[in-house]
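Next up: just one chain, as structure tokens, the form predicted on its own.
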């Protein structure tokens, strides 16, 4: 049990929150902003729950000064947000929109003036539709090339304001969910061969952006924000831990393993056979360029059991009939960080996302007592503190999300925010979890 002198997190630990442009900005057609693939996707009937759109959503485009003051009041020292590519380059290439850049400059300046560091994500799923229409989006290396140009443009404009960049958020969301399962923009259902090429091109886009940022912002640290499938050993014994580590490496072979090891491992190539992606000379030199930090988006975990003597030395438990609660596994926080550290030894890690949805609404006193979120945060962060006690180099935590927002195809139904948003008026109401998080930031103690 903690006493008043004990901290669970060091005093220099970076506490922040995260959002994404399409989900919170609004201002969808203001000041020269172009559309995105989401602007097109949301026109499809029932593509987004309740047929809502991102025209206004959380309205951060107009409410950013208030949002910054709420972050400051909570004691947050960092804010992770993404750039809307088409706000800066309406067609995804060529002409630059000065008003779009001005918005992000003002946002960064406002953050810095209040002691909050901007952590910028270059791509969080909102591709300019011109690139989708002309080149097939991420099916083409042309889009990869233009992403590098966008990265350079943004970094040059933001200059010394930004010292941390994430190139891409969640490869799986960009690829399988959008190009194979069709449940998010652009809503395609490609075959395995084409899907795998999209996967490869997204890795290449990360590498291309890394190269661009090294040139345009040599002062900045660069990484990715990835959500691998996290594995938890069924029992904390050497054989189950090694089985879980092997399962983690193989299950994520197409994304984080490929980035960290600079190749597609044999098990992935064997499983995909003739559907394996085409790789050009020099691709993996770009893809595996050393990063300054690794961002992990940690929500779920799967249990793994060692199966010695079997053809595959592990079993991953995929489903738990009748018990959806097991999707939320606080142990995934500890084991995710530990396995990444033991496999690849990154210099630094941050938890770039972690959070819980709810159906949060004000009570008759205009208060939102989201105790379910506090319970979730306490348990996951307790798991994270274990990783820190074992000297795993996790330097910060970004809660998802600062604000209630448009949760992609689920619309406005799930509320992930520390701060409630009235979507009709843009009113902000801090939830009880906001107060709990503020106390954690102030004391470094889990209570």
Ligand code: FCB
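Since the model is a prediction, treat every value here as computed from it, not as a measurement. Residue numbers count along the first chain shown, from 1.
What comes next is about the form predicted in complex with the ligand, which is not displayed.
This chain lacks the partner; the member of 169, 257, 201, 175 within 4.5 angstroms of the ligand in the predicted bound form by a non-hydrogen atom is 169. Note on contacts: among 297, 143, 329, 196, the single residue with a heavy atom within 4.5 Å of the ligand in the predicted bound form is 297.
For the ligand in the predicted bound form, the listed stretch (118 to 126, 158 to 166, 246 to 254, 206 to 214) containing residues with heavy atoms inside 4.5 Å is 118 to 126.
The closest heavy atom approach of residue 227 to the ligand in the predicted bound form falls within 4.5 Å.
Within this chain, residue 398 is remote from the site of the ligand in the predicted bound form, having no heavy atom within 4.5 Å. Looking at residue 370, you'd find every heavy atom of it more than 4.5 angstroms from the ligand in the predicted bound form. Put simply, residue 408 is close to the ligand in the predicted bound form: some heavy atom of it is within 4.5 Å. Taken together, the three residues 23, 353 and 416 all lie with some non-hydrogen atom within 4.5 angstroms of the ligand in the predicted bound form.
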